[in-house]
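Take a look at this one chain, the form predicted alone, written out in structure tokens.
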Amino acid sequence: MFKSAVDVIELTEKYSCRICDIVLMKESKISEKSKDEIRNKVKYTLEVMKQSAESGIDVPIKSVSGIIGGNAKKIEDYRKKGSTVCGDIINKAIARALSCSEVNAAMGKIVACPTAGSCGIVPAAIITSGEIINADEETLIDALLTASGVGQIIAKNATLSGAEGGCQAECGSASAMAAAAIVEMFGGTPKMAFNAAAIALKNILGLVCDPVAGLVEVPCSKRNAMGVVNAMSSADMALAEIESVIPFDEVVSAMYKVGKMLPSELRETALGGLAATPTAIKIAKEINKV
């Protein structure tokens, strides 16, 4: 597991390669599997991501609890009308993020990347951004490897768990992973990729985890939609050579410290934040009757 972004950047400079190449090299060594074996595994992961990102767009998917569902199709139908505030690309990404989240809430198959609660951000960001440049399958696999490298650093130095660090640790980490992956997919340097990851994580710093009724539905689903937009805008900033004043490794450290400062009520216990509102309490009581 990588210790820091600084280490990864040094390795990319040493071998004159990208982050995804370093991740693949390291994973091959640790797992004692060939690079082709690892790429095939990531290919399967990509296929699951594609399915979960599309299935809720074509047909409304309702969660098991009935709290959420059908929003991915609503956004897609809205997008097709051709007159949106954020434009075609962003709305397509939002629809895919919502779809993944709805599939998860319906107990369907998703990729917990890095967690089930944030499962829509990386797929929506990579698939949608890849379409812009007509990226082939190998390019998307590279992007997922880059995302995994960023996730490894966060896991090593902080946490990916909402119960430990709040939603910033889940949707924030997913946004950072996706932002870095997009930058590298668009030809940005490793430094640019980590600038994008830092910007994305900073934007969600302090976000609490307050699931209504303790379920990964509200506000999780819409935070996935927000997370993919955050990732894509952060990638654009980095590709425009905007730098994060605070380096990625320090942002990760700050995120972890902020998470530790959060009271337990705001770390996935459903005892605070939105979960403690009158409407949320009413929803929880209705679900518990069933």
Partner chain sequence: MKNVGVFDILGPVMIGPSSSHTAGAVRLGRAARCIMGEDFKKVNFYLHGSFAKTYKGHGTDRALVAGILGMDTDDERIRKSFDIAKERDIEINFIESDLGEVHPNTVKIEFINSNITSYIIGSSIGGGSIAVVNIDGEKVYFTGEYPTLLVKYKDKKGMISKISFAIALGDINIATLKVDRESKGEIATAVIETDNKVNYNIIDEISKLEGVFSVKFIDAI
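Nothing here was measured: the structure is a model prediction, and the numbers come from that model. Numbering follows the first chain given and starts at 1.
Just so you know, the form predicted together with its partner chain exists too; it's not on screen, but the next bit is about it.
Practice task
Flag this candidate site as yes only if Ser4, Thr84 and Ala254 all have a heavy atom within 4.5 Å of its partner chain in the predicted complex; otherwise mark no.
Solution key: The answer is no: none of the three residues contacts the partner (heavy atom, 4.5 Å cut-off).
Practice task
Tell me, yes or no, whether Thr45 is in contact with its partner chain in the predicted complex, where a contact means a heavy atom of each within 4.5 Å.
Solution key: Yes - in the predicted complex, heavy atoms of Thr45 and its partner chain come within 4.5 Å of each other.
Practice task
Please check if Cys113 has a heavy atom lying within 4.5 Å of any heavy atom of its partner chain in the predicted complex.
Solution key: Within the cut-off, so yes.
Problem - its partner chain contact in the predicted complex: Ile242, any heavy atom under 4.5 Å - result: Outside the cut-off, so no.
Practice task
Mark Ala105 yes when one of its heavy atoms lies within 4.5 Å of a heavy atom of its partner chain in the predicted complex, and no otherwise.
Solution key: Because a heavy atom of Ala105 falls inside 4.5 Å of its partner chain in the predicted complex, the answer is yes.
Practice task
Using a 4.5 Å heavy atom cut-off, indicate which stretch of 256 to 264, 242 to 250, 221 to 229, 34 to 42 touches its partner chain in the predicted complex.
Solution key: The contacting stretch here is 34 to 42.
Problem - Contacting member of Leu215, Val208, Met192, Ala135, with respect to its partner chain in the predicted complex [4.5 Å, heavy atom] - result: The residue from Leu215, Val208, Met192, Ala135 that makes the contact is Leu215.
Exercise for the section: Taking 4.5 Å between heavy atoms as the contact cutoff, choose which of Met177, Leu98, Ala169, Val183 touches its partner chain in the predicted complex. Expected result: Residue within 4.5 Å of the partner: Met177.
Handout entry: its partner chain in the predicted complex - contacting residues of 13 to 30, heavy atom within 4.5 Å
Key = Sequence-ordered list: Val23, Lys26, Glu27, Ile30.
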